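Quick heads-up: it's one chain on its own, the form predicted alone, in structure tokens.
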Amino acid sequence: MKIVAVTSGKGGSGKSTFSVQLSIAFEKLGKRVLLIDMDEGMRCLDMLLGASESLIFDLSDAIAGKELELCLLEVRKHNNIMLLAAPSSKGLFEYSDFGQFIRGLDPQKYDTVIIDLPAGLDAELYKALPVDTEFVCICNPNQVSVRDAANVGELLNNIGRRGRLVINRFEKYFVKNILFDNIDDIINETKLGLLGIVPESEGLRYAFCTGKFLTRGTDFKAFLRIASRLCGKDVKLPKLKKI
């Protein structure tokens, strides 16, 4: 069972949209996915996925011992993705209990667990997760977001966890001609290995507003490449003009 924790230095990077699209990409690869919203008090995945009306129990109930199946929400049109919503308020469980919950998940039921972590640095939360967790840091190609991603990378390195970088909302002309000479500058500053690049996309903005997420097309291929790399496949990064 692969565990992927999606994080970012600050809010607004597109982390939650990325988590949903990555879940769909894993499903396209034939995986059974458990998507967990860990943003206590600020949950949004249930709303993005149109499952709010079905929400009765959440992550805190599952950690407290409620039967997991009763806490899961079905994702429309995606039979192999189940959602576990975050609590509506903070402080209902300890990070150590969350870590034990993740370790206790049945690998016969889920191939991939994607955890949408709250934005910001939290060493205790990171350390509570299993040591083989793949941390994916979402970074926008601007100086503030890159600096925040560098802080995430430094923290992960200090606690001995593996972090990888996704450059989100990438616009080739804007980045190259205004902000950075090339993407190597971003990679070097964050000190995180590049996992993938997601283009700035009208389709993704539309998906965030309507809940109609991408399942095909050029933009969606970026998520398929990232999911495939997380599965251990050697997938080359396309030329930037084709992203």
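A residue's number is simply how far along the shown sequence it sits, counting from 1. Just so it is clear, the structure is predicted and the values come from calculations on it, not from any experiment.
Below, we turn to the form predicted in complex with a small molecule, even though it does not appear here.
S.K.: Mind telling me which stretch in 205-213, 24-32, 185-193, 60-68 gets its heavy atoms within 4.5 Å of the small molecule in the predicted bound form?
M.R.: Going by heavy atoms within 4.5 Å, the stretch is 205-213.
S.K.: Evaluate residue 36 for contact with the small molecule in the predicted bound form, applying a 4.5 angstroms cut-off between non-hydrogen atoms, and reply yes or no.
M.R.: Output for residue 36 is no: heavy atoms all beyond 4.5 Å of the small molecule.
S.K.: Does the small molecule come within 4.5 Å of any heavy atom of residue 40 in the predicted bound form?
M.R.: It does not: once the small molecule is placed as it appears in the predicted bound form, residue 40 has no heavy atom within 4.5 Å of it.
S.K.: Please tell me whether any heavy atom belonging to residue 145 falls inside 4.5 Å of a heavy atom of the small molecule, as the geometry stands in the predicted bound form.
M.R.: Although the small molecule is absent here, residue 145 would stay clear of it in the predicted bound form, with no heavy atoms inside 4.5 Å.
S.K.: In the predicted bound form, does residue 12 come within 4.5 Å of the small molecule, counting heavy atoms only?
M.R.: Within the cut-off, so yes.
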